[in-house]
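In structure tokens, the next block holds one chain alone, the form predicted on its own.
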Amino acid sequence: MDFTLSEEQQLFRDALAKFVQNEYAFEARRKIVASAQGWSGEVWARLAAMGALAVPFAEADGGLGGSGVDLMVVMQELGRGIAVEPYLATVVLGGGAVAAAGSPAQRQALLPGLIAGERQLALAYAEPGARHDLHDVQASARREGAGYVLSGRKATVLNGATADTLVVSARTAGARRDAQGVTLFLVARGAQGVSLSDYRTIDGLRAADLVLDGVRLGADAVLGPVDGGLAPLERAVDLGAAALCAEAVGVIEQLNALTLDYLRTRRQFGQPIGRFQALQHRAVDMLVHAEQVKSIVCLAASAAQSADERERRRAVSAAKSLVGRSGRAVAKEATQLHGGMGVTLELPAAHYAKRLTMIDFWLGDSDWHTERFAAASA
């Protein structure tokens, strides 16, 4: 398989890389994370102007009709800056669900504003106690007249407190863990009965816990088929998992570069510690992890939008499993090679290590995806 980027992809990557390098330096990021909003509206507007928000959406919806590889390019470069803007939450997860299940009217109402940077989305799928199983849904949607009444809780909704519209999974039929009976709904953040508790995650992002207390919705709030929302939800989350893996490539490569620079400049016993063979071996192991991750992420990016459900599951879960393990290994080695400084928030390496740790847990950890890969291969 040829993993060489096209000329257009290379130019787009270079533009994003220049933007991250020049305008998303570590100190600038720290100020953004510490702000009340937790992300930069100016950066978001620049990403919209560059076309980054339009990448995964069809041209008919105002997007660029990009492939999984195009999305990989964006996420890798954002990973190098450990950007906290809600690209994953809004474009990939929330926007991915609307693109996968929305009617033409719903897509027209939501996606052009998202692409322009004027509207944000969030995907509320996880529930307390459900771990990573998308079909484990207790939040209920009771039919009332032509509409529905939603009640229940959702946990760790990325960008939940900022999103204009929430894509919420709720059970309209069946028992708690049934695959059938899950339906997706579009819920306005300010709707009566919606309560959000916002907080910062350990890697600097913003998430919220969601309570739905008798939220009344019309029939036009149903996103996709009634009782058949699990399939488009899985497609959106698989695309998100592949995007996370691509982000991990950028994070790992940047953390490796920071670690090598530290080994070259930190002196002990009258010489740079990078001259010690034991440390060289550990640095080489980090580089091997990076190369392995790059290869499998390319495969996952190519299959992330595949109509073949089995192929998509196998490729995405294989990548997420390896990325989780390799990311944790690189984070551990980088922290140790930096010595006591490796755990201080004043050093960029600590923030990259935190992000790699959380990438493993977002959208299914390595153990869960290993089991999913085995099931898809049976």
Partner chain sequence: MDLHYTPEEQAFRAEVREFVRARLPRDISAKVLGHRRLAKDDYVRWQKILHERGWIAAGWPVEHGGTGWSAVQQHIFDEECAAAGAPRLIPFGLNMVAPVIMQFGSEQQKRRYLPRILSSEDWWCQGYSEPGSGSDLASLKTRAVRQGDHYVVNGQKTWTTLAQYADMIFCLVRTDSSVKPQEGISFLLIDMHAPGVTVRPLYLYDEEHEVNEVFFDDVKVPLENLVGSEGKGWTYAKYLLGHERTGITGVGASKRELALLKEIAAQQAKDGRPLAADPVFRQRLAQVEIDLLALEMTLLRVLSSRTKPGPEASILKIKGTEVQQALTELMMDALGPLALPFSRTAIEEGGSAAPLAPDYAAPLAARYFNWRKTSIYGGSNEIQRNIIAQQVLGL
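Residue numbers count along the first chain shown, from 1. Bear in mind the structure is a predicted one, so any value in this text is a computation, not a measurement.
FYI, the form predicted in complex with the partner chain isn't displayed, but the following is about it.
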property	result
The partner chain contact at Met72 in the model of the complex, heavy atom, 4.5 Å	yes
4.5 Å heavy atom contact, Lys294 and the partner chain in the model of the complex	yes
Partner proximity in the model of the complex: Arg264 to the partner chain, non-hydrogen atom cutoff 4.5 Å	yes
Contact of Asp285 with the partner chain in the model of the complex (heavy atom, 4.5 Å)	yes
The partner chain in the model of the complex: contacted by all of Ser151, Arg153 and Val211, heavy atom 4.5 Å	no
Stretch in contact in the model of the complex with the partner chain, which is absent here, among 171 to 179, 276 to 284, 231 to 239, 137 to 145 (heavy atoms within 4.5 Å)	276 to 284
Residue (of Leu299, Val226, Leu258, Ala161) lying close to the partner chain in the model of the complex, criterion heavy atoms within 4.5 Å	Leu299
Residue among Ala350, Leu64, Ala318, Val33 with a heavy atom within 4.5 Å of the partner chain in the model of the complex	Ala318
Sequence-ordered list of residues in 341 to 361 near the partner chain in the model of the complex, where near means a heavy atom within 4.5 Å	none
